[in-house]
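So this one's two forms of a single chain, laid out as structure tokens and tagged structure 1 and structure 2.
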Structure 1
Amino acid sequence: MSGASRLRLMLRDLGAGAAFASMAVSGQLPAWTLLLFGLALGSALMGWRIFAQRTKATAALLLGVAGVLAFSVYAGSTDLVVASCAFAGLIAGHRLLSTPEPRTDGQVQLAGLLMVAGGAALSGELAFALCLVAFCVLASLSMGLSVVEGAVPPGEPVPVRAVMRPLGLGIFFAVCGAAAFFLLFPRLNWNMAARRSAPGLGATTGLADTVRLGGEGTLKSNPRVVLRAQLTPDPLQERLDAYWLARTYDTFDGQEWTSIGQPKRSRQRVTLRHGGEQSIHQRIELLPAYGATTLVALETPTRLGNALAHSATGSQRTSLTEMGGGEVRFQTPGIAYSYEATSLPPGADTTTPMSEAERGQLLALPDRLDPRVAALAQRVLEGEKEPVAAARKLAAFLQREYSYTLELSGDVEEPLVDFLFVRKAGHCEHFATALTLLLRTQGISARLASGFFGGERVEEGYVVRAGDAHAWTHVLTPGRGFVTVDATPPANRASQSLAVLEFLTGLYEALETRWRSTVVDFSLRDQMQMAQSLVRPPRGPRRDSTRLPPARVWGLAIAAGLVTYSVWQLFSRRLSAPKPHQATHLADAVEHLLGEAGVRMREGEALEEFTSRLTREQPTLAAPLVPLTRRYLEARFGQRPLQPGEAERLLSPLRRVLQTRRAS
């Protein structure tokens, strides 16, 4: 296989990889699909076409995989679009490992287009756009090289360098033109299926109905921003020391937490308790990385409402449903949400109406609870009965005697006993569970709360990251309601991701936000408003009485004119510059090859003079140089131009002679 063919196949395979990546960035493809395609792409790049001799057997295997995907769709375990995308990736992988021929190339490119279309259906984020551009460039280079390779007679070398430069320049202008067309041309909404967009890589899995102890706390190092909030009054702090409540749990069976509360009717506003004059108002955005439908608000929320669900097809108002454990959920699915909430300030009366069953559940203990748990609580409290004082005493004990860790591999039968008496290390869920159960063994009502802790100031608001996910304890106090007591060491409560990673993630999310606002969600109305804003006089008392366009339009027109004139001058100089004769490139190539071998031309020496001198001084160079020089003179002065690929054929004997000299 020639070097041009290997380059073409490599570009084709990398293009298919970029197309598959456009789907994979959604984070929705099954893991085994990623593994199989990765193996296929790696093997193809290594030149291992292992399916070339087993076409029928591997096709049958592919049909079997299609059957598995179809069954999973029928069973409801896999989405139809996700299954289709996964199958398109497997087809592409199969073709990558088949015999390389023109028909296979076309099938790989077609599979790449299908995968890009699938990626558009699964995700519209910035990473998809980068993969799309990569696929377009690589596939275009591969197809262009394939056309040139087909035009060269068999056995003759393909002028790869001469082809790649103009091909790359043409693709660059094509990509720029496509971007301009995409931004400026009036568009239609092609997302007729109204499919829900994906949250993308790094998204959280959302708040579950249960909290199960055990496992590694990988979420704690996730820097993705999941929440943005505007607070009134603004605390004007760089970092908030605040709890963002999502839901609570009152039942622990020894392994996981659940809630006995029942869902209530849906409505536009949900009032959880009475507010007050000192309530904190919040305007909250839950971003795509959040990945759940549970509302989050500063502790203790009193009212939530005015909710909007944002999707690929627009925004719409959504109802809210109060679930068990004080959880409130959106009724309309969306990739992001915005809403308003009010919360009581810390220290306010947080009394919550509860049924007898709910109140009694706050003292429930799991069956066969290890008696050492109650003995430990009794020993630490030393007779302390006041709920908040007892909780703080136990929390101080846990923070002093136990260590924080995210490295907890493997499930254990009794995670609370394992935390308290074996490992003596865990993350926030272990600390909060331990405090809650220790209190209950002493007859003090308590429950587990989950949500986020912290908040980093960005511009005029605050952001909360996925790594800020947290769990703590609510202690029921007569006359005050629930009081928050956190047993997790303070230094380990907020996000534990690296500062560099947070910076890079913030940069990516800023670009993604700009991408969504200017590309994905940029509608025909936005185009019209942008055009109108350029010519419409500004609103306000200082309205210009003349009918002339405002100054910014003149400035924009002048800037556009200067840019156009500069580009035109640049291209004019390039187009009008005398182009070197085709034969001159041949003479330059001869001089370059001989120069690398240590044979230099003298000052002012022409190629024919150089050849005559070398024929006398180094006869071994005469054989390749003489016909080459004669052909150069014919092409340069004899009106007999070089044919495509002829220069490479003329240079090949000279290269072989020089290689032989170097080897000897």
Structure 2
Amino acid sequence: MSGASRLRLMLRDLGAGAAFASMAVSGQLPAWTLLLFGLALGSALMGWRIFAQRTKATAALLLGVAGVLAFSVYAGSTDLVVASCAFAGLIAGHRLLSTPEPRTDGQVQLAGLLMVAGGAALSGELAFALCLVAFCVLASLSMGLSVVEGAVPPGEPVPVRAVMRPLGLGIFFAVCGAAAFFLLFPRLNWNMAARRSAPGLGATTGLADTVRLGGEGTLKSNPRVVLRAQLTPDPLQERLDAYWLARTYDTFDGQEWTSIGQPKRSRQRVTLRHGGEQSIHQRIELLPAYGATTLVALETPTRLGNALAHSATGSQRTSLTEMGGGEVRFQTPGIAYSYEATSLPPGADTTTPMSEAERGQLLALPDRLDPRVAALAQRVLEGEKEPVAAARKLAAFLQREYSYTLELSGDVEEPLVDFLFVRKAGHCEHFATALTLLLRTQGISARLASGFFGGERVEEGYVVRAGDAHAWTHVLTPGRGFVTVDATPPANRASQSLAVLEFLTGLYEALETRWRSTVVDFSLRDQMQMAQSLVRPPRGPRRDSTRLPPARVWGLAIAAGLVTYSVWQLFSRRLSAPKPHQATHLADAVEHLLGEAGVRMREGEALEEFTSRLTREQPTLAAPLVPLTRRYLEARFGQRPLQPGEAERLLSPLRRVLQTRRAS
């Protein structure tokens, strides 16, 4: 296979990869389809067309896969759109591994188009747009190269370099034009009334029904944003350092925490406890990175409601289900959610409604708890009985005597004992579990709370990252309800990802947010509104005095005109600039080589004059230089172009002479 054909196939395969990625970035495709397509693409890029011999037989595999997908749709475990997209990807993968012939090329490109359409159905985010552009560019280059290959007679070399440049330039302009068209012209949105869903790169964290101690804490270094919130009143702090409660656990069996609470009824709005005068209102958006159905709110949540579940097919209202332990879940599955919540300021909770069973569970200990735990608590507390004071004393002890680490390997039989008496190091779950259990041994009611700790100010609101996931202790205090006491050393509570990674992730997410608000969700209505706001004269007491648009419109128009003119000038200058002749590169190479050897041209000296002078002054250079210069002149001014590789052949004697000179 010729080099041109290999390049065409590689571009085609990479284009299919980009099209598949446009679906994959939604995070909704089943993992096994990702794996299969990845294998197919990798094999195709390596040139292993393993289905080439048995195309029809292997196509039967697709029928099997289609059956599996159809069954999963029927069973309700997979969405129909997602299943269709996954199947399109598998068809493309099958084609990639078949015989590379023009018919297959067309099928791969068609499958690519289907996948891009599928990607548009699954998500409309920045990553999708980038994949779409990559597919367009790669597929167009591949098709252009295919046309050129077809036009060249068999046996003749395909002028790849000569055609790739104009092809690339043409595609660049086409992409710019398409982008301008997409951005400037009004378009119909999928859902004129509501915002699009906001799926991203898939779930990276979530809250399980249980909390199991042990294992490595990789979550702490994940900078993905999982939650955006706008608070009223806004505390106006750069770092909020607040506890965002998701759920609580009351039962510990020595290995993991669970909750005995049973699901209660489902409603549009859930009231957990009475609100107060100082309630904090939150408008929260849970991003796909969260990947769980539990609502998160500032401590201590009182009411949650007005929830919208965003999915590939749009947004819809969802009911909320109240679980035991104050947990509230979305009923409708979605990729992302938005809702409102109100919370009491920390320490203001006085009315926590609990069942007797729940209340009794707050003092429960595992069946076989090491007696050293109780002894340790007793020793540290020295008779302190007041719950909050005791909890703070124990927390201070833990922070002082125990170290924080995310490097815990291997499961142990009794993780709490291992933490307290063996390793003496752990992460937030260990500290919170230890504090809770130590308190319980002394008859003080306590439970484990999990959620997030942090809140970083971004523009008008706050963001919480996956790395902010945290666990802490709730101490039940008579008359005050649950009081938060955190045993984890303060420095290790919030996200511990690298600053630069956090910055880059923040940048990407800011871009994505901007993309969503200004492009994806920028519907015809938004554009009309913006145009009207620009053209409409400013409202004021003298609004009838003029019907002309405000000055900023004129300013904007002038600025746009200037920018357009400048860009046009720049492009026209670039395009009209003479391109260096093919032979000029040879002259440049000669000048460069001689320059490196310390032999330089004089001001305004042409290569032939330079050669004449060197022939007189340095006769050793004449032998390689004279024929080279003569050939350069023929190629440059005598219309006898250099043959492929000829320049290098002409230069090599000069290189040898210069090397000899250098060595001597």
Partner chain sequence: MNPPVRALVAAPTVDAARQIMERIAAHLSRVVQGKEAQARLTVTSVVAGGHVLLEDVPGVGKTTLAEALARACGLSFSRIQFTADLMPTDILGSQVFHAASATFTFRQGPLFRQLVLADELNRAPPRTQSALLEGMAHGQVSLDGATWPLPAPFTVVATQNPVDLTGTYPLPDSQLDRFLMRLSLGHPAPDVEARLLTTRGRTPPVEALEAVTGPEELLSLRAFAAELRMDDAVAEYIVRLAQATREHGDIERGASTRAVLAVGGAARAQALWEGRDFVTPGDVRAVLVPCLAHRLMLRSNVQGAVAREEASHLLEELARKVVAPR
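Here, a residue number simply tells you its place in the sequence of structure 1, counted from 1. Since this is a predicted model, take the numbers as computed values, not measurements. Here the rigid core means the biggest group of C-alpha atoms that line up within 1.5 Å when the two forms are laid on top of each other.
- Comparing the two isolated chains, structure 2 is the one taken from the form predicted together with the partner chain; structure 1 is not.
- If you fit the rigid core between structures 1 and 2, you'll see the Cα of A587 move by 2 angstroms or more.
- P301: CA moves less than 2 Å between structures 1 and 2 after rigid-core fitting.
- The two forms, fitted on the rigid core, differ between structures 1 and 2 by 2 Å or more at the CA of S566.
- Core-based superposition between structures 1 and 2 puts the Cα shift at M164 at 3.8 Å.
- Lined up on the core, L39 has its CA atom moved by 7.8 Å between structures 1 and 2.
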